[in-house]
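Form predicted alone, single chain, as structure tokens, below.
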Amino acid sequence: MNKKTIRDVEWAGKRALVRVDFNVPQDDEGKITDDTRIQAALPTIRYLLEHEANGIVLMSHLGRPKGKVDPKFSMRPIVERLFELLPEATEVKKTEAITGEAAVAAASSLQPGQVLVLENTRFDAREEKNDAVMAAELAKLGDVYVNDAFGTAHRANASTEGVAHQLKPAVAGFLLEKELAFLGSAIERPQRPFVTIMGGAKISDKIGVIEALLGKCDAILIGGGMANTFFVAQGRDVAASLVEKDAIETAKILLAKAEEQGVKMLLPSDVVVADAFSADASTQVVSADAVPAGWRILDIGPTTVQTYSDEVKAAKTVVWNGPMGVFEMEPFAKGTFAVAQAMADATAQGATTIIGGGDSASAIEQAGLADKVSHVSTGGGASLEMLEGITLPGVAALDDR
């Protein structure tokens, strides 16, 4: 973590322009169903309030409004939740503007103890094009740029990368700092044994990560739909299971590389199969070599759970990205929740355990174990790119120490 942070700025008299990641899930009525990302930004906002920043301007995207104003993706529910979470003396304001005279006027009027939330940055089509004019307009809204949005740090957008070149100093917030510290140390200085757990549906999403980690970790445990493609690569029959046909050759190459490099790559020995993709389907546990015709693999089996749990508990560093099965359906959630428990047990024994965002973060939350692991990343795509060794544009643009 060689970037300047908010600790390196004398805040009195300076207005903070902060990129946060408030892209939170909402129900059909617009009610926030998980405010983890809002909670994650609070330490930075509180620090700025306590150090008498001359107002705080917050900007974030929400959903995919495709460059047009869409009331369904308004920041209003976020403002209401922030109002509940911040200290009572804090005044939280909202503006319909993102840039331009109205935004400048709203930002310029701020006093210490006041927070202004801009409208959804993706209501402006220039945001995702990393438009230099939009970045310059955003730069007029503050004296110091703060990036605390790890979840979008892998995207070069006007509010994440462009503005950091236009407004200096440009520094990291506490959440970004924490993410970089945990993920960075796991990659560069892992305590061993270093175990990676990879799940989810597709190998293609994680080829680069698996290749990068083959040279760094001691064991890779494979689960989820991607395991099926590895099975087919080994010549096994997975019946009606999800298989990524375009990735079968890649799976063969990865298995060969793991063997060459002496990395233990474990596949499930037993699996939970169902006769339909449904929570009401008939299920059974079978050997990974004996999937009945017409059935599909939807979770890892109990023997695999035990093997994987033992590997995790013996490790000193564990990174987990992707569920072990279709955990959204109760009959196929046991594998994922068992791995979550093993992560918590490993943490209690002194291991560094990192959940790489996305579905794994949802799973550890559902299991009630999010506070029992070392770190839950707020950025699925960003954490994958970082594990792969890709430079994140939103981080690279910040000031070096």
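Quick note: we count residues from 1 along the sequence shown, nothing fancier. Keep in mind the model is a prediction, meaning the values are calculated, not measured.
What comes next is about the form predicted together with a small molecule, which does not appear here.
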Any chance I248 has a heavy atom within 4.5 Å of the small molecule in the predicted complex?
no
State yes or no: in the predicted complex, is some non-hydrogen atom of G357 no more than 4.5 angstroms from a non-hydrogen atom of the small molecule?
yes
Can you tell me whether A201 touches the small molecule? I mean in the predicted complex, with a 4.5 angstroms heavy atom cut-off.
yes
Would V146 count as a contact of the small molecule in the predicted complex, using a 4.5 angstroms cut-off between non-hydrogen atoms?
no
Checking G173, G151, P268, G322 against the small molecule in the predicted complex, the residue with a non-hydrogen atom inside 4.5 angstroms turns out to be G322
Which one, L242, L255, A314, A276, lies within 4.5 Å of the small molecule in the predicted complex by heavy atoms?
L242
Does the trio K206, G225 and L298 actually contact the small molecule in the predicted complex, every residue with a heavy atom within 4.5 Å?
yes
So if I measure heavy atom distances to the small molecule in the predicted complex, which of the stretches 105-113, 175-183, 152-160, 325-333 falls within 4.5 Å?
325-333
